[in-house]
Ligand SMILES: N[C@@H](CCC(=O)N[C@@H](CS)C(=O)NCC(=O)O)C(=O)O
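First, one chain by itself in structure tokens, the form predicted on its own.
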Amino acid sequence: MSTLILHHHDPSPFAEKIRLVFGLKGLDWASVQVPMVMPKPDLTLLTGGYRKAPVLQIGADVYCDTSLIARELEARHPEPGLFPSGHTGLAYALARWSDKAFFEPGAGLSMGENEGIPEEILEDRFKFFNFMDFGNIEAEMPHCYAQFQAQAQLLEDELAATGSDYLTGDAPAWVDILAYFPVWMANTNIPRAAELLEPFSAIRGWSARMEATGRGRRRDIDAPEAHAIAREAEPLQAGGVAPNPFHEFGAGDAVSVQPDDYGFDPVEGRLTALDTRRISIERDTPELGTVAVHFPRSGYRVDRRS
């Protein structure tokens, strides 16, 4: 089995999702630290321009976005499963709530209330994120506190209603990871986190259980070692372009792929797979040879390259 290589930085709340998956599944993995701000030359050499963390590399295949990374890890390492009660569609749909309604006010609080964040990181995030008026961040703080606690109340109500240790039963699942990563971000980055979460006793107990999941078995490597692994491998065979009356793409088309929310850094290549779950393209590089870059279909747009 090829090495699982996570390109990430330790403070990243989105990378924490995947680190928790490693813990839930008890996986061995290699860590490559990437800068928190651009430029990120070692990462973008692999991805073709995609700058968000984390990115999972397996040989010459590069998986972008936590929803696709989780899907790939589940396919390769199905036990213990991320979906013990089934309902995978609902579980993946929950990401839109956790990534937006819960994460965004927490990110605002992290940047607005944490005096220890270096200026260059704040400047980068103010340009990168488009969901807040960062030019007036001090005035936004009461609203961020209110919105974060409103989402925490939803989580508290659900945990209380289940009567179980986790949201879908007696074992942690992907839905728990989605709900937990904004709580982890609060505890890590918001100075008043204890006060913020004090009203939510069910969340506090559940958070302790989530922490006990661990983060798998990690070893640190550097980017040149990861690049050498990509260079010596070949991408897996892609699944092809599924027929669909609502697009005219075909295998081999020159396309660009980019997120549709923020971080609009297009990745260009040859289309090798497209269906309702995934977009895959191949890129030829002098440094790495042929690399396949994979994206989830949801939240990403594909455009024909002229």
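Since we're looking at a predicted model, the values are computed, not measured. Heads up: residue numbers just count along the shown sequence, starting at 1.
Below, we turn to the form predicted together with this ligand, even though it does not appear here.
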Any idea which of 240-248, 270-278, 65-73, 23-31 reaches within 4.5 Å of this ligand in the predicted complex, heavy atoms considered? 65-73
Of these, R96, R209, R231, R125, which has a heavy atom no more than 4.5 Å from this ligand in the predicted complex? R125
Heavy atom of R297 within 4.5 Å of this ligand in the predicted complex: no
In the predicted complex, does P54 come within 4.5 Å of this ligand, counting heavy atoms only? yes
This ligand contact in the predicted complex: Y262, any heavy atom under 4.5 Å: yes
Please run the contact check for L45 against this ligand in the predicted complex: heavy atoms, 4.5 angstroms, yes or no? no
Taking this ligand in the predicted complex, would H77, G81 and H87 all count as contacting it (heavy atom within 4.5 Å)? no
Residues in 220-246 that come within 4.5 Å of this ligand in the predicted complex by at least one heavy atom, in order, are none
